[in-house]
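One chain follows as C-alpha cells, the form predicted on its own.
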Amino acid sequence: MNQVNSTILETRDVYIKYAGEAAVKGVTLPIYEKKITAIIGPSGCGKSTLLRSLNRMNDFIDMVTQEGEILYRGTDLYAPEVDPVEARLRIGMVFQRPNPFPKSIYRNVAWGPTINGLEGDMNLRVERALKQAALWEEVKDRLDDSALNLSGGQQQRLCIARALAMEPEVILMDEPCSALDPVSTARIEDLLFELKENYTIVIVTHNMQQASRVSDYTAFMESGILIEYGDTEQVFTRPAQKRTEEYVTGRFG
C-alpha cells in the first residue's frame, strides 16, 4: 500500500450498533485524499452503515450507538463541539436511488447552497456543478424544467451535481449505480475518474467488477468486520485473506 498518500478520513476501532446489535465491529480504516476507496462485501455486512457514519448520517436513525473515533483531518467528527451540519457540508453524500427534489433542475442544484447561505454567483455555481457532473450539455437549455423529467442516469448525475454544488472535500456514494442501466453506469464510472482529480470518493458497491475498475483502494467487509484492506489490484489479484479470495473469485459461501 502506498503510504505517501495523505489521509483525509480515518476510522479507529469503530463499533456501530442498532438497538445493541453490532453492525460494524472494530473497523480501523484510512481513507486517502483524492483517491477512490471502494467498500465491498455481501448484503448486510455493515458497509452502508460504516459509510453513513463518515458524515454522521446515522444520527438520523433511532437506536444507533457508536464507539471508537472517526477523524476528519485529525478532528473527531463526533466530538461535542463539531456541528454535524458543517460536517455534511464538507463530506457530501449520493444515495442508492436518484432522489431529485420535485423542483426545477436549477433549483435542485442551487437548493443546498441557498439554504446554507453560501456566497458567490449562484448561476456560476450551478453551471460549474453541472459541468463537473457531466450533465451541463444535456440540460443547459432546460434548467427550468422539472428534474423529475430526466432519465434515471441523468437524475443520478444531477444528485452528484447537487452534492458538488456544496463544494465538499469528500463524496460518499452508496451503491450509486445499482438502479441504473449499463450505459448510465458507464457514464457515472467515467465521471468518478474525473472527479477524483479534485475530490476524495468513498463508494459502497455490490458490483465487484465496478470496484475493481474504479477504485484505488478496496475494503472487504463480512459480518461487520473488516477482513482486508489494501491497494485494489492487490486485493483482487493477490488477496492476503482466504475469505477475500473466496469473495472476489465468486466462491463465497
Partner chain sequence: MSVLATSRNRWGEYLLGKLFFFCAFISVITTVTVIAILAVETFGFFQEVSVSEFLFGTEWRPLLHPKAYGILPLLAGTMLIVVGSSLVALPIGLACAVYLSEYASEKARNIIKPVLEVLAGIPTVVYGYFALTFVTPVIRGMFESTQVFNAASAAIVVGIMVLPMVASLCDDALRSVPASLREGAYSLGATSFEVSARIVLPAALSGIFAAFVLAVSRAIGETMAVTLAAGATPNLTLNPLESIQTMTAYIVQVSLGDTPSGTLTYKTLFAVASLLFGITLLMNLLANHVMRKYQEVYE
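These numbers come from a predicted model, not from an experiment. Residue numbers count along the first chain shown, from 1.
Although it is not shown, the form predicted in complex with its partner chain is what the next lines describe.
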(message) Give me the residue from P182, P102, G120, G74 that has a heavy atom within 4.5 Å of its partner chain in the model of the complex.
(response) P102
(message) Please identify, from 136 to 144, 74 to 82, 94 to 102, 123 to 131, the stretch that has a heavy atom within 4.5 Å of its partner chain in the model of the complex.
(response) 94 to 102
(request) Indicate whether R52 is a 4.5 Å heavy atom neighbour of its partner chain in the model of the complex. (result) yes
(request) May I ask you to state whether R162 is within 4.5 Å of its partner chain in the model of the complex, using heavy atom distances? (result) yes
(message) Would you classify T114 as touching its partner chain in the model of the complex, given a 4.5 Å non-hydrogen atom cut-off?
(response) yes
(request) Examine M166 and determine whether its closest non-hydrogen atom to its partner chain in the model of the complex is within 4.5 angstroms. (result) yes
(request) Determine the residues of 58 to 76 with a heavy atom within 4.5 Å of its partner chain in the model of the complex and present them in sequence order; the list may be empty. (result) F60, D62
